[in-house]
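Shown below, as C-alpha cells, is a lone chain in the form predicted alone; questions about how it binds or moves come after it.
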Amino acid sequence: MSLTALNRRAGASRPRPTPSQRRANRDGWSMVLPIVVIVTAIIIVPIIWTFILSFQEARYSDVARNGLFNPLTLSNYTDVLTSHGFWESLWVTIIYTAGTTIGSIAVGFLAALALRNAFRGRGAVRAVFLLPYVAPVVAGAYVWKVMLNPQFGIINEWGTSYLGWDQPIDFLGRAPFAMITIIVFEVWRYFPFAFLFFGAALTGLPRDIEEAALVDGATPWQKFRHVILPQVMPVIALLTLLRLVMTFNKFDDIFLLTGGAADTEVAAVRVYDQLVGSSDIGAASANAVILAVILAIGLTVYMRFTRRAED
C-alpha cells in the first residue's frame, strides 16, 4: 500500500471534532489570542525593528522621514566591536552583574535562614525586609544620594566624626567607590527577591533529616552544608538565572545614582547615551543586538552547565 493511501486511511479513521470540542478550541484561541497580540506588539515587533535599525546608518530625522527604509550598512557593528568604550562597558557590566547577583542571593539566603524559626515579631521583621524591594526605585536612589552626599550626607558625617576619616568620601563620583556603592545598593534593593524564594523553599524542607543529622553528631555547619544547601540548590540555580538576566540589562538604578560616571557606565547606560546624547539610532541598535547575543550565549552556557551538574 502506498504512503498516500495510508495517509488517506489515517485521515478517514480520525474522528471529526464534536461541536463541544470545536467550541472549546474557539474558546482556547479567544483566550490565547489577546496575549499573542500583546506579546507581538510589545516584544517581538520592537526586537525586529531594533534588528533592522542596527543595519542602518540612521538618526531621528532619518527614521522620521524614511521609517525603516534607510541605507543599509555594516559599519554600526564594526564601530561597536572595535570600540574600546564598548568592551570597557561590557567588562563593567560583568563585574556589576556578578557582584550584585552573588550578593543579593547570599544576603537573601542568610535572611531566610535567620527568620526560619518562629519568634515573636517575625512577621514585622519580614515586612521590613521587603521594604527595599517594594519601594519606588526613584525614592530609594534619592535617599541613598542624600545619605552619601560628601557635603551634608549622614554617612560622611559619621565617618569624619566617629570613624576617623580625614575627609569626606565622594561615594558616587569617585572610582572605585562608585562601583562598590551601586553594587551595595543593588544588593540592598533585591535581596528581598531572593529572600521570598528561599523563605518558601526552607518552609517546605523536612525537619526530620536535619534532626537525624544532629543526632548523628553533625555540627551546625555540617548540617547546613550537607543537608540544607543541597536541597535548595535548584532555588539558587533559578535565582542565579533570573538575577543574571535582570542585572545584565539594569539601567535605572545606575542612571539615577551615578549616571554612568566614575567607571560605572554599564552597557545599558552606554546604549542610552548613544541614543539620546548622539542621536545615533543605528549604533545604539547594533550595541543592543550585540549585548542580546552575548547574554543569550552566556545563558545557554549557564543552562547547560546547570543541567549537567543536576544530572
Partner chain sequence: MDVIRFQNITFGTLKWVLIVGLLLASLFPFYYMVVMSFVPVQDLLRNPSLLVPELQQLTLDTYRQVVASEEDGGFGFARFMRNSAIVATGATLLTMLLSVPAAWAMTRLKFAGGRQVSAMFLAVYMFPAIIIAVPVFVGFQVLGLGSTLIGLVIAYIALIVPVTVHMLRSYMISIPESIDEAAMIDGATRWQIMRKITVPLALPTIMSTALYAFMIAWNEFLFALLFLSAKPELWTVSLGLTRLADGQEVSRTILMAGSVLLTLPIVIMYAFAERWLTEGLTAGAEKG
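Numbering follows the first chain given and starts at 1. Please read all numbers here as calculations on a predicted model, not as lab measurements. Take the two forms, superpose them, and find the largest set of C-alpha atoms that agree within 1.5 Å; that set is the rigid core.
Although not depicted, the form predicted together with the partner chain is the subject of the following passage.
- Interface membership of residue 23, defined by any non-hydrogen atom within 4.5 Å of the partner chain in the predicted complex, is confirmed.
- In the predicted complex, the partner chain stays beyond 4.5 Å of every heavy atom belonging to residue 177.
- Contact check for residue 157: a non-hydrogen atom falls within 4.5 Å of the partner chain in the predicted complex.
- Remark: residue 47 counts among the residues lining the partner chain in the predicted complex, judged by a heavy atom distance of 4.5 Å or less.
- 196 is the sole member of 196, 212, 81, 90 with a non-hydrogen atom within 4.5 Å of the partner chain in the predicted complex.
- Only one of 205, 98, 237, 218 comes within 4.5 Å of the partner chain in the predicted complex through a heavy atom, and that residue is 218.
- Partner contact region in the predicted complex: 104 to 112, out of 169 to 177, 104 to 112, 226 to 234, 81 to 89, criterion any non-hydrogen atom within 4.5 Å of the partner chain.
- Applying a 4.5 Å heavy atom cutoff to the partner chain in the predicted complex picks out 246, 249, 250, 251, 252, 255, 256 from 246 to 267, in order along the sequence.
- The Cα shift for residue 21 between this form and the one not shown, taken after rigid core superposition, is 2 angstroms or larger.
- The rigid-core alignment places the CA of residue 45 less than 2 Å apart between this form and the one not shown.
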